[in-house]
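Let's start with one chain on its own, the form predicted on its own, as structure tokens.
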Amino acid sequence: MVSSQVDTQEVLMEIRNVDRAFGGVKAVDNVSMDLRAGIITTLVGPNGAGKTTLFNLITGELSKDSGTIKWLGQPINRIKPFQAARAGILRTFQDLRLFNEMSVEDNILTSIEANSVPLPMAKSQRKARREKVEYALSRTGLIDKRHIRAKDLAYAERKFLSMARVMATDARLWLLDEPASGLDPNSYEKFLEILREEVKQGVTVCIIEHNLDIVIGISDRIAFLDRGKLLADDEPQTVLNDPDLRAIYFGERT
């Protein structure tokens, strides 16, 4: 697990003047923001605002048209997804991307192996890997489901497996794309509890979320995107109490 000693003023990632267009439409338009250590930053905005595109630019799923991104002070402008993961930047997807025919346990093991540098492991390292798997299974309530195929899980369990795959790695920054969408109230509360505890342990989170209850309940900072532009990046109440931003959020713009 990541150390719980976190300087919440430390900037892990600097995003400066980032652009990405598709055809004549700018999906991300001159966005500049910082992701600070040990907090949860929530990306909000209407559909098509550029939130997932920004995640894709950070992790190298897409290339930028212009701008720079630095991770721990170093440029990562040409990074590939596997390199981002091995550098400690890991993400989830709206479509989950689980290995459906594999067991829960093997899904988690595969995530550890895929997102670490492939080196021969000593006995102590194999033990540490096993401890990470057990931790992730226990925290997400999947310990009794370890041998069940991913495709045979309930919807909420599949969501938690997606989180467990990130949790078992040494990733320092989690990029979570609507991880709580479609969860029932009990699962939603469990999700919030897990996320808060992991942040206390030293993880930094940037989450895309539409559910206003989750936004209010989890955010330390909110970045508001609309039509590719960053309109606000501030304390939650400052953003949520802005009448113009609320109008955009609820589809009431003039």
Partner chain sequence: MEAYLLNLVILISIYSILASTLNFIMGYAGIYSLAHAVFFGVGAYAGTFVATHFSASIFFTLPAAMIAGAVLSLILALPALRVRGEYFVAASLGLQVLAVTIFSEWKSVTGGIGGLIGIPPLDIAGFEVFKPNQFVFVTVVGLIIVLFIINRLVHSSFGRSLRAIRDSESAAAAFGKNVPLIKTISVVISSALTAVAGVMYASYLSFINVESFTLDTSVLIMAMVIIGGTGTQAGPIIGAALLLLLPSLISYLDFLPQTEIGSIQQIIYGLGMALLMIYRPGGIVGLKKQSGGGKK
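Every value quoted in this text rests on a predicted model; they were computed, and no experiment measured them. Residue numbers count along the first chain shown, from 1.
The same protein also exists as the form predicted together with the partner chain; that form is not shown, yet it is the one meant from here on.
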query: 4.5 Å heavy atom contact, E113 and the partner chain in the predicted complex; finding: yes
query: Interface membership of Y135, the partner chain in the predicted complex, 4.5 Å heavy atom rule; finding: no
query: 4.5 angstroms heavy atom contact with the partner chain in the predicted complex for W71; finding: no
query: Interface membership of N100, the partner chain in the predicted complex, 4.5 Å heavy atom rule; finding: yes
query: The single option of D152, E131, D170, D184 touching the partner chain in the predicted complex, heavy atom within 4.5 Å; finding: D152
query: Residues L176, P179 and Y188 all lining the partner chain in the predicted complex, heavy atom within 4.5 Å; finding: no
query: Members of 63-102 lying within 4.5 angstroms of the partner chain, judged by heavy atom, in the predicted complex; finding: P81, F82, A85, R86, L90, R91, F93, R97, L98, F99, N100, E101, M102
